[in-house]
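What follows is a single chain, given as structure tokens, in the form predicted on its own.
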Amino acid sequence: MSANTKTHRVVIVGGGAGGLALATRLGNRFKRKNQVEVTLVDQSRTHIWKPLLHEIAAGSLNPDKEGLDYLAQARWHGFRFCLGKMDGIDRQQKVIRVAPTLDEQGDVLVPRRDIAYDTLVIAVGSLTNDFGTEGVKEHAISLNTPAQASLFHHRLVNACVRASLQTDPMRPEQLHVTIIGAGATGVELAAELRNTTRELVAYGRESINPDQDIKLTIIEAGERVLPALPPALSANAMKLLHKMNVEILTGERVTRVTRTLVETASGKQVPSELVVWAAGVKAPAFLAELDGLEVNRINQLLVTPALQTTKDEDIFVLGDSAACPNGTGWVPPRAQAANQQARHMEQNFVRLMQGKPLQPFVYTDFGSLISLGKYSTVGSLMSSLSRKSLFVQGQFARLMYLFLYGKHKMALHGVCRTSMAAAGRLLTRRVEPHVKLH
């Protein structure tokens, strides 16, 4: 480890589920002491829990109201926030390179700079993996960021406006949304869209029949939807999606996306005005160029069981960007894993400051919950006694789904602030549309 200094500089890159939780925890622990300085670096100004991006895309969640301002969180919890995107590292000098930040006009807002560290934590998350499929970058939207989710919603609203005012017959692809990938994001988006599009057209777009004119299709290369869940729950989710009039094509690998259709390897052509790519994940490409740090084939940084990179013990990695061993396999890229790693890293950092050996991270799978909007929630919860999966669905599963989000917010804000914010949302929801109209 680096030699002890008067102030130990901890730099955390990435303000997602793991990075922001760790910055908050360390800031709270050391904000009244001068021995540790915590800095969070992120290219965005606000944080939104990534599992909620499908709700932004569907219009049932307003990012302007749900977003957490990093500067405010830093002020409340004793850490510093730096706006910018890391694009390099000098391990010898122990600095990260931060690219210039531009404003809306393309002018430099924050110049390029270096930020020195004693301990570096990389928690930059993951991106969707298009596997080089033709036309995806040009004609499909991925839900990696709130900006991308908002872009999809904006295009959906515009498509409804155009269709409601035209006198010509609908084109084959018009108002047809195709979602590629039947994992949690794809399935949750399809269910949320079926609900919100009904609300959306009720506000002055009555010429559109949401159940007949707005078509939803999920295309999955595997044999079933939600492959991470047990087959029985997968089948139940598929049954619910069919009731919502969502077309599901399984065993179909997408080979090309154009402006008006999606093509599969079997020769199917699905007319589509809007396409969402939600199949596969990979870590950001720049991780493969970080001064000799080791990565796997999807750009995840290889780490030891203590979450240290294999080439530098002063650099740690959390969340989706870490290839962390877990028994005979690897820790899955899930929000619950990032949160567990943040808690573990806080305890290990205390041990590091005390000169004690670090403890290995052990992942605990608490199960999965998939929200199908107002229709249902399905999933599996892991029993703490038997370590067997308990299958849940319906209102109980929905309450558990909401509890997980509440738990994430309480980790960032505490019980009191989270409770007041929840009460405020309940009051304002009574006087606002239940779907974003623009």
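Each residue number is its position in the shown sequence, starting from 1. What you are looking at is a predicted structure, and each value in this text was computed from that prediction instead of being measured.
Just so you know, the form predicted together with a small molecule exists too; it's not on screen, but the next bit is about it.
The stretch from 104-112, 238-246, 120-128, 257-265 that comes within 4.5 Å of the small molecule in the predicted bound form, counting heavy atoms only, is 120-128. Between the options 208, 323, 221, 143, the residue in contact with the small molecule in the predicted bound form by a heavy atom within 4.5 angstroms is 143.
Of the candidates 307, 86, 163, 274, 86 is the one whose heavy atoms come within 4.5 Å of the small molecule in the predicted bound form; the others do not.
Although the partner is absent here, residue 286 is a contact residue: one of its heavy atoms lies within 4.5 angstroms of the small molecule in the predicted bound form. Under a 4.5 angstroms non-hydrogen atom cutoff, the small molecule in the predicted bound form has residue 42 among its neighbouring residues. The shortest heavy atom separation between residue 51 and the small molecule in the predicted bound form is within 4.5 Å.
Although the partner is absent from this view, residue 10 stays clear of the small molecule in the predicted bound form, with no non-hydrogen atom inside 4.5 angstroms. In the predicted bound form, every residue of the candidate spot (17, 319 and 336) has a heavy atom lying within 4.5 Å of the small molecule.
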